[in-house]
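Let's start with one chain on its own, the form predicted alone, as structure tokens.
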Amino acid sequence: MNDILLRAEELRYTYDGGDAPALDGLSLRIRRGSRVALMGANGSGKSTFLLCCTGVCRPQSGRLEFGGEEVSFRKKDLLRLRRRVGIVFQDPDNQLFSASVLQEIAFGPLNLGLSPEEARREAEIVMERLGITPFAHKPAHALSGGQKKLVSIADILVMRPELILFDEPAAALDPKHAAIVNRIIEGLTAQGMTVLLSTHDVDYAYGWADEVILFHEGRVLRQGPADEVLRDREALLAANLQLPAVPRFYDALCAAGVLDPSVPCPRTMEALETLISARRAEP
């Protein structure tokens, strides 16, 4: 089996009336089952790339492959692509449109040809999984922002895609719902789902991602393991990002002689605290 699920080669895209290209020769590869964070300043091309991956935007040049096949952007092929790739938008109001939550989530399976009974059953399974069954018969527009986000995720999960794209998944969420969304994403990756998300949260990306892709002016500035890319101060500066807290504190503790620099930097604050406690316990 080909290990590369998604491949972009020299993608270029300029919005109508735009002065500069949103994508300017962007090339990258996404491995199956990987957790990938797209990072960079606003306007660096992250959201445009995600829209290209679902066929919402069609690159003016370049090549996009999914599952080893080139995406043609013909209507028939786009329908197939959108069954295999789902996107959760930053603003749920851009995604939700049905009268009730149940109707909203069942809409996708109905479009796949399932009977109303089968579509309802699939929707109920996903609602139960995400804990949104109590909202089943409420209008989607009457829900809170966090509840809408959960419904928008259910919209995608019910389609059983191979790749899920998240555009700033925790944006504008309260801490409770941000934690819920993060747990959902963690559960998806634990099941082997390929997840690609854009985020400005360097601390979250450092602890969660297998790989980080830094975007800059419509191109890939750097792609590689999260613990390497997010410790590259020069690349982070170019992408308008800061060094994550964990390696920043780790470097300071090593410089102060509290930690041994031969011990690899941990990925989470909890692991760093454990490392400090173990050091203190040494005779």
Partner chain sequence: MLSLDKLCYQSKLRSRSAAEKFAFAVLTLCVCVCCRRAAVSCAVLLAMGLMTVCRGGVPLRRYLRLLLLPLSFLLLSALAIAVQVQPAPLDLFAVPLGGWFLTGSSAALAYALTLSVTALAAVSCLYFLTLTTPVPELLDVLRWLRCPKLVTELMLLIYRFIFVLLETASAIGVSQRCRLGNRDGRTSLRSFGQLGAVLLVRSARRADALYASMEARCYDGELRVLPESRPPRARALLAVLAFNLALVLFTVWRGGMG
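Numbering follows the first chain given and starts at 1. Note that the coordinates shown come from a computational prediction; the quantities given were computed from them, not determined experimentally.
If you look for the form predicted together with the partner chain, you will not find it shown, but the lines that follow are about it.
Mapping the unseen interface onto this chain, residue 97 counts among the residues with a heavy atom inside 4.5 Å of the partner chain in the model of the complex. Using a 4.5 angstroms threshold between heavy atoms, residue 169 stays clear of the partner chain in the model of the complex. Taking the partner from elsewhere, residue 179 is found to have every heavy atom lying beyond 4.5 Å of the partner chain in the model of the complex. Although the partner is absent here, residue 82 sits close enough that one of its heavy atoms falls within 4.5 Å of the partner chain in the model of the complex. None of 56, 255, 237, 245 but one reaches within 4.5 angstroms of the partner chain in the model of the complex through a heavy atom, and that residue is 56. The partner is absent here, but in the model of the complex a heavy atom of 156, alone among 173, 156, 163, 188, sits within 4.5 Å of the partner chain. Heavy atoms within 4.5 Å of the partner chain in the model of the complex are found in exactly one of 195 to 203, 85 to 93, 208 to 216, 180 to 188, that being 85 to 93. Contacts to the partner chain in the model of the complex (heavy atom within 4.5 Å) from stretch 87 to 120: 87, 89, 91, 93, 94, 95, 96, 97, 98, 99, 100, 102, 103, 104, 106, 107, 108, 110, 111, 112, 116, 119, 120.
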